Each structure stands twice: as structure tokens, then as C-alpha cells.
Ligand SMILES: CC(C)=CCC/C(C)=C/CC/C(C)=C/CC/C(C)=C/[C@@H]1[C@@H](COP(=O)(O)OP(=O)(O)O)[C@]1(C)CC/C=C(\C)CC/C=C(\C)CCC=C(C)C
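Here you get one chain, nothing else, as C-alpha cells; it is the form predicted on its own.
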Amino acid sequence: MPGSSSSSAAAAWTTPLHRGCGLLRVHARFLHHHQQQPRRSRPFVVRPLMASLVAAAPAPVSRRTAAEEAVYEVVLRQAALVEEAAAAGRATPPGAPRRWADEAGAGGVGSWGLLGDAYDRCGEVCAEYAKTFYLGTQLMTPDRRKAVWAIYVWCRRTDELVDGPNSSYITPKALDRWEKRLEDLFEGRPYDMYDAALSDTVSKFPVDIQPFKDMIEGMRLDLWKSRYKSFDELYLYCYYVAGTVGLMTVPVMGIAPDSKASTETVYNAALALGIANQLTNILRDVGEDSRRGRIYLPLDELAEAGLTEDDIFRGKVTDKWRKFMKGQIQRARLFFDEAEKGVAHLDSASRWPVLASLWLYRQILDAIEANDYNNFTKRAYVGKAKKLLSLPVAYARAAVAS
């Protein structure tokens, strides 16, 4: 997948939202802005169910797309699971047996080492490949920290199936086997140490299996799909490969006890962050992806901008390209804005790594602009100095978030 691979006013989060409209608002704001611009083709149509949140005059509302409906059903399911766990006190009481405890005496996890070793290995992987985020996890409670490491490692292993050194050997059947392995670890039958850490995590936190399955579905798309006709199609892909991560991790990071936001609202913010990160990956890696024969940009929007696939492959920065990129960057920023509103409603110990990651990733968009929108031959990145300056600011902001 691309990249080798992923207003802070709290008042907006304490207001009950219509079903699914947290992210619907983002699409509406983006399209409302472009409604003001000259269009070359079809008449303006407001994104499904987003018009009610546009600050300007109301616009006609169409039906929610199948992609949005599918994603939102997963959000509802995970939010309900967390609420049920909260009502019960804890997902699993302290001292309760692990899901895989019965396997220990039959060659299972318990027979080849301490569970702590498995978590330590996950931490080592996270420290090597996600240094900034790993640093932020040190503020979390030990259980949460280890659980986030386990989820990170599973996501990385899944991504490497189609983006790693052995990706040319991966087939749909191999992904089917990986999904069966996922189901087994959720049932307490891990295959290796990394699986054991995740199996323990999902036995202690109210994590639903569907986002994990959906990420595998995103890997399936990468095996055969290299074009996206519209943002609807691209949105679903971004959810599969990145939005899912937010749904996996929020049950572990926790929601602040004094938060007045609905669980659903917090999950919409987590989903928005994943979408924003993946859109940023896509915009950063246009040139790299094109050299692999892939275009992760909405083809209908390219056409409206007077651009073609050949323009992407030629890799020449033109006024048309700059104008197109400005619109794409604006949309990604709107998703980041939506995501940032949810940080204050996370557990206090979990805010810094999320906010630092959000701020650092959002700066990649600034770097694309600084490169005069040349994402064909120049790779946008955030320098080490900027990263170091951002971390204490993010820490201070997370500390006072409320």
C-alpha cells in the first residue's frame, strides 16, 4: 500500500451527532468549498448525510454510500462492545484466565516462554520502526502500553505481507490463511510469540475482530486493484488499511472518565485520523506509486481537474497539478482537524502519542507544499529538528486537553 506501509474545540464533541456524521462532516466541508469553484463537469452533489453539518446554507442530501455504511457499521459495533465492557466494569477481571490458558499444557503459549517475553519482542519492533510513537507509549500504563505494541506488530506484519520482501509470493490464499490465523488467536490459539501477545491483549480489552479482518481485506485489494474511480472507493480503501488501526487501539488507549463525548464520537475521530494518515501517505508517495503502476487518487477528480493518468506517469508539475493537489491536501487536513477534536476525550496517558503522531504526520502536507507540490520526484518528510520541536509542544497540549 502507499508509503510502504497510515479545530480542537471540545464543544463539538459534546454535542450529539447524527448517525455517522462525524466523518460525513469532513466530506461536506470539502465539497462545499469546491462548490464555490468553477467545475468542468457534473453538477455539485453533497456527500451523503454530511450536509447537516456544513456551516453554510443547507444543501440537498443524498443517500449514504455503501462504503460509508459498511465502515460505520463497524464503528457502531466496536463502540457498542466498549460500552458493554464499561457497563460490566472490565472486559476481563484481574486474575481471570487468559483465553489461551487451556492451550498451555498442550504445546501452547505457556510451554515456550513467558508472555512477558512476547510483549517485550513486540516493544522492540515498535521501538525500531515507530520511534516517536514508541516514546509516547511510555506514558501509558504497562498493560495499555504492551497491548498497543502487540496491535502495532500485528498491523506491521499484515502490511508486510503485500509490501515486504516476500510480497511477490503472496496470493489470495495466503491472506485467507492469515485471516484464519487471526481467528485462531482471537479464540486463544496463537501460532507464535507475537500472536500470543495479541491473543492476550484481545482477551483483556474489548477489541472487536472486524477491524483486523478489514485490514486484511485492504491487503487483498492491493493484490489486484491499482486504480480508484472515485473518493468513495478510495475512502473505503483508506479505512481498510489505516482507519481500522484507530478502531483497534481506542479500546486499549481508553476514553477519559470525565469525557462527555459519546463513545461513537470518539471512534469517529479515531477513524478520521487513520483516513487522514493514509491520504497523507498517498499524496506523499504519488511518484513512488506511479513507478509501480499504481494511482491512489480519485480518477474522476483527476478528470475534473483536466488531468489524466498519463500526466501522473509523466510526473510533471503544472498549474493544473498544483491546483489539484491543493484540493487533495485540503481534504486531508479536514480529516486531521476532525481527528484532533477527539484527542481530548482519550485517557490522559494516551493523548500525547496520538497528538504527537497527528501533528508530525500533518506536517508532511506542509512539506509537499514546500516542495511546490512536486511529489513525483521529491519525497516530503519532516526533519528531525521539527520533530524534536513538536514533541514537547504536543506533550504540553495533551497535558492540558480537557
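Numbers for residues come from their place in the sequence shown, where the first is 1. Predicted model only: the values in this text are computed from it and were never measured.
Keep in mind the form predicted in complex with this ligand is missing from the figure; the text below concerns it.
(request) Label the site open or blocked after overlaying this ligand from its pose in the model of the complex onto the shown form by the C-alphas around the site (blocked when 3+ ligand atoms sit within 2.4 Å of backbone or C-beta). (result) After superposition, this ligand runs into the main chain and C-betas, so blocked.
(message) At 4.5 Å by heavy atoms, is each residue in Ala79, Phe186 and Pro211 next to this ligand in the model of the complex?
(response) Not a single listed residue reaches this ligand in the model of the complex, so no.
(request) Name the stretch, out of 191-199, 171-179, 262-270, 223-231, where some heavy atom lies within 4.5 Å of this ligand in the model of the complex. (result) Only one stretch passes the 4.5 Å heavy-atom test: 262-270.
(request) Taking 4.5 Å between heavy atoms as the contact cutoff, choose which of Val207, Val71, Met215, Met325 touches this ligand in the model of the complex. (result) It is Met215.
(message) Since only the chain is shown here, I'm wondering whether Tyr296 would be in contact with this ligand in the model of the complex (any heavy atom pair within 4.5 Å).
(response) Outside the cut-off, so no.
(message) Since only the chain is shown here, I'm wondering whether Tyr235 would be in contact with this ligand in the model of the complex (any heavy atom pair within 4.5 Å).
(response) Result no; Tyr235 lies far from this ligand in the model of the complex.
(request) Using a 4.5 Å heavy atom cut-off, state whether Ile151 contacts this ligand in the model of the complex. (result) So Ile151 counts as contacting this ligand.
(message) Contact with this ligand in the model of the complex for Cys155, defined as at least one heavy atom pair within 4.5 Å: yes or no?
(response) Answer yes; at least one heavy atom of Cys155 falls within 4.5 Å of this ligand in the model of the complex.
(message) Do any residues of 337-363 have a non-hydrogen atom within 4.5 angstroms of this ligand in the model of the complex? If so, which ones, in sequence order?
(response) Contacts from 337-363: Ala339, Gly342, Val343, Leu346, Pro353, Val354, Ser357, Tyr361.
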